[in-house]
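What follows is one chain in structure tokens, specifically the form predicted alone.
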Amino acid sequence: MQLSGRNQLPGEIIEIKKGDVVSEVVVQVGEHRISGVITTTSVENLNLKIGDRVTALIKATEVSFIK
């Protein structure tokens, strides 16, 4: 599979907050956490659970930096 997203961050799911329509998935990437919201249907179809190794794919049109 080829992807156009360049920001691929492997990590482990540490938390899933399921909602009726959307769910928040929190992934530990090294010493940082990344949080994303996907449909609850996607969480169920992917059979995501705490402890799963996943890759967070980030494709954004805008990135901000703080120094």
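Start at 1 and count along the sequence shown; that's the residue number. Keep in mind that what you see is a predicted model, and the values were worked out from it rather than measured.
The form predicted together with another copy of the chain is left out here; the points below concern that form.
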item	value
Leu9, heavy atom within 4.5 angstroms of another copy of the chain in the predicted bound form	yes
4.5 Å heavy atom contact, Ile14 to another copy of the chain in the predicted bound form	no
Stretch 51-67 - residues with a heavy atom within 4.5 Å of another copy of the chain in the predicted bound form	Asp52, Arg53, Val54, Thr55, Ala56, Leu57, Ile58, Lys59, Ala60, Thr61, Glu62, Val63, Ser64, Phe65, Ile66, Lys67
